[in-house]
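In structure tokens, one chain follows: the form predicted alone.
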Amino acid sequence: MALDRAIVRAPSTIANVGPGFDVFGIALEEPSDRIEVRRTSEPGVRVESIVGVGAYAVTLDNTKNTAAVAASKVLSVAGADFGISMRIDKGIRPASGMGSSGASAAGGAYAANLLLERPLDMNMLISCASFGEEASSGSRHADNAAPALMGGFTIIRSNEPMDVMRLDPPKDLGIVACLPEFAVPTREARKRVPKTVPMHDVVHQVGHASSLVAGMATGDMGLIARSLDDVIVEPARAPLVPFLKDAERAAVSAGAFASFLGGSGPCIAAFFDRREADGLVIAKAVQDFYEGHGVECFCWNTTWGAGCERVMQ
């Protein structure tokens, strides 16, 4: 039975994940956004309020707000005869590389779907959420929205038609997400992606991306560690994140088995084996490094998590 009102938790995510530009994504256990929706008799989607981290940077304009655009697309595809009133509580800072707009888009799509008599399937929901991402970044991509909706580690085989697969990462995979006090708008970061690349770099990416999927599927942490090297996109975006390579080395020196640029940045992600390393030590090493250069840095010691889910009250 369709609902008249719902509150949804939408998780942060790390997109790209090493060599998987616009293809791989992983959901984080924390932080997250919350989106509340209510069915209205008036058509369209209206954003009533936005609070939380960086709320000042998120528009109330329903034609540009990622959650509203995604929700509106769901209503349009479903042929719904009602509208939605929406409230957004941001727990994920915009321009962070932690899937802030993707979480909002996914949450808006998921929440709208809960109000339908005949809900859309997951691939269609991801497609609707990608329109929300387009409103934010200027391009349709789903590598944040997919893990935000499905949880775990996701692989986008195709965008047209949308075809996404999900894997459970190793249960002991720890993730540290460090956020230095820089802003890297996705729109700007996407301009840095090379339009042409040498064939030997393409071969490198395909090999590493394939083995990363194998590592996730088999739970082989060592294979995951060896497969996270990106020679195409991260080097092009590195100038947008001061001290990126130094921060990655600090994470690895403190126990991470790999560290890489999270999404478009400035997030620095670090993977570690929770049986062998302490995420708090890794987080402190990166935080101390940045603070030693006069830059405030927030860190989350977390793991992979579930996708969007209804919050019961």
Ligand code: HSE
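Note that the structure is predicted; figures quoted are calculated from it, not measured. Start at 1 with the first residue shown and count on from there.
Below: the form predicted together with L-homoserine, not depicted.
**Q** Counting only heavy atoms and a 4.5 Å cutoff, which of 277-285, 35-43, 262-270, 54-62 contacts L-homoserine in the model of the complex?
**A** Flagged stretch: 262-270.
**Q** Can you tell me whether Arg87 touches L-homoserine? I mean in the model of the complex, with a 4.5 angstroms heavy atom cut-off.
**A** Output for Arg87 is no: heavy atoms all beyond 4.5 Å of L-homoserine.
**Q** Can you tell me whether Thr186 touches L-homoserine? I mean in the model of the complex, with a 4.5 angstroms heavy atom cut-off.
**A** Although L-homoserine is absent here, Thr186 would touch it in the model of the complex, with heavy atoms inside 4.5 Å.
**Q** Would Asn144 show up as a contact with L-homoserine in the model of the complex if we use heavy atoms at 4.5 Å?
**A** Yes, Asn144 sits close enough to L-homoserine in the model of the complex that at least one of its heavy atoms falls within 4.5 Å.
**Q** Would Arg237 count as a contact of L-homoserine in the model of the complex, using a 4.5 angstroms cut-off between non-hydrogen atoms?
**A** Yes - in the model of the complex, heavy atoms of Arg237 and L-homoserine come within 4.5 Å of each other.
**Q** Please determine whether each residue of Ser12, Glu30 and Arg93 possesses a non-hydrogen atom within 4.5 angstroms of L-homoserine in the model of the complex.
**A** Heavy-atom distance to L-homoserine in the model of the complex: none of the three under 4.5 Å.
**Q** What are the residues of 2-25, in order along the chain, with a heavy atom within 4.5 Å of L-homoserine in the model of the complex?
**A** Ala15, Asn16, Phe21, Asp22, in sequence order.
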